[in-house]
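To begin, one chain is listed below as structure tokens, in the form predicted alone.
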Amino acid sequence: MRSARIRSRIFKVAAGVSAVSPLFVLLFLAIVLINDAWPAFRFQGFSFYSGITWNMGNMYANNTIIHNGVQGSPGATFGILPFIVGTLASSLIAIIIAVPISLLSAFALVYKVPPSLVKWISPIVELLAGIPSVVYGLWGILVLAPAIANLIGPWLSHLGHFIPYLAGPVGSGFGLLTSGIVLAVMIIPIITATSRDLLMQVPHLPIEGARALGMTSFESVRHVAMPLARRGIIGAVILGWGRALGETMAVLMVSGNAMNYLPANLYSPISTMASTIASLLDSAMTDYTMLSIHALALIAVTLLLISMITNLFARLLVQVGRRDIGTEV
């Protein structure tokens, strides 16, 4: 009996430690990044977010510059506005493309596809979310970028008379549009799977009642299922958006890795915050003042904050959506 109580206490302690460990890991990560990023913020100030020039300076010079008590290489200046714009623009394109496809797929899996096929199709949809991002990036290099350069881009550029952002040179195909499409393909499984799970919790009786009153399949989904699951579906979309914001390798492979200018059109090369950290980390390690490392850490803090807010808000909406559905039931 005594040994059973001891095992129970050990289990409770182990379970409690395991439950709170992700929070402590997150806090530790945030503290380390903020501490490492603070010198860069002192050096650059708020122009870090409004400037468009990223220059690590002459890292091989014998002399250094000191600004606000922080040492840096001569000519060093850090502005990440192009990276912020690239991150937001590519993820916005991904959302515009992915949301209709994801929602239609979720509706089809729940209301149209026979159950015998759903049990085969649903795991495939979830499997797509587990494919390594480098595989999507390679697909973007070999298939999507040439298609953008030779087929899709020239066709879209003809619409530049009506939508100016579509006009201009298409280039090599590596840029904003390619990045957005690759991200869309990557987040479709996330939005689809989450939306499907929410729609499966919607009671069938109101749907069947709507059909009995003469509504079409689209009308019953639009006016009955969607209002019940709306908040959760919005949360699923934001969850996919958060995934797109933090993607690194796939975007790095197809974005064109542009520096120090804002995208002029839909086909312009870009860089995102995550891909910039990956591409510049090696060269930043050669900065003897360590200011470049601090600047990359400040990008990481910014991205971490955006991703945390996005994911927490999305999960809150998903939980509220499930609770709304349960209340209706």
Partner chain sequence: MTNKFKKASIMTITALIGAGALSASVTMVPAFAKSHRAAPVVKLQETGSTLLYPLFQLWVPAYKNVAPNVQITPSGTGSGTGIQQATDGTVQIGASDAYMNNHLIQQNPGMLNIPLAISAQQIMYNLPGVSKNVHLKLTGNILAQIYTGKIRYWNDPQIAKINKGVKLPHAAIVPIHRTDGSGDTFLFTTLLTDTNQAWANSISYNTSVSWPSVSGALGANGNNGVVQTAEQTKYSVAYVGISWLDKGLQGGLGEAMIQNRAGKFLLPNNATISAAANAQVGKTPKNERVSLIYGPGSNSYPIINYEYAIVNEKQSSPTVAAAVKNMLLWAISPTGGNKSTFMTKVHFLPLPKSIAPLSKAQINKIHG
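None of the values given here were measured: they were computed from a predicted structure. Positions refer to the first chain, counted from 1.
This next part talks about the form predicted in complex with the partner chain, which is not shown.
In the predicted bound form, the partner chain lies farther than 4.5 Å from every heavy atom of Leu26.
The partner chain is not shown here, but in the predicted bound form it comes within 4.5 Å of a heavy atom of Leu142. For Ser47, no non-hydrogen atom is located within 4.5 Å of the partner chain in the predicted bound form, even though that partner is not displayed. Not displayed here, the partner chain is approached by Ser172 to within 4.5 Å at the level of heavy atoms in the predicted bound form. Candidate site formed by Leu104, Thr310 and Gln319: none of these residues places a non-hydrogen atom within 4.5 angstroms of the partner chain in the predicted bound form. Residues with any non-hydrogen atom within 4.5 angstroms of the partner chain in the predicted bound form fall in just one of 229-237, 159-167, 191-199, 251-259: 251-259. Residues are counted as partner-facing when one of their heavy atoms sits within 4.5 Å of the partner chain in the predicted bound form; in 210-237 not one qualifies.
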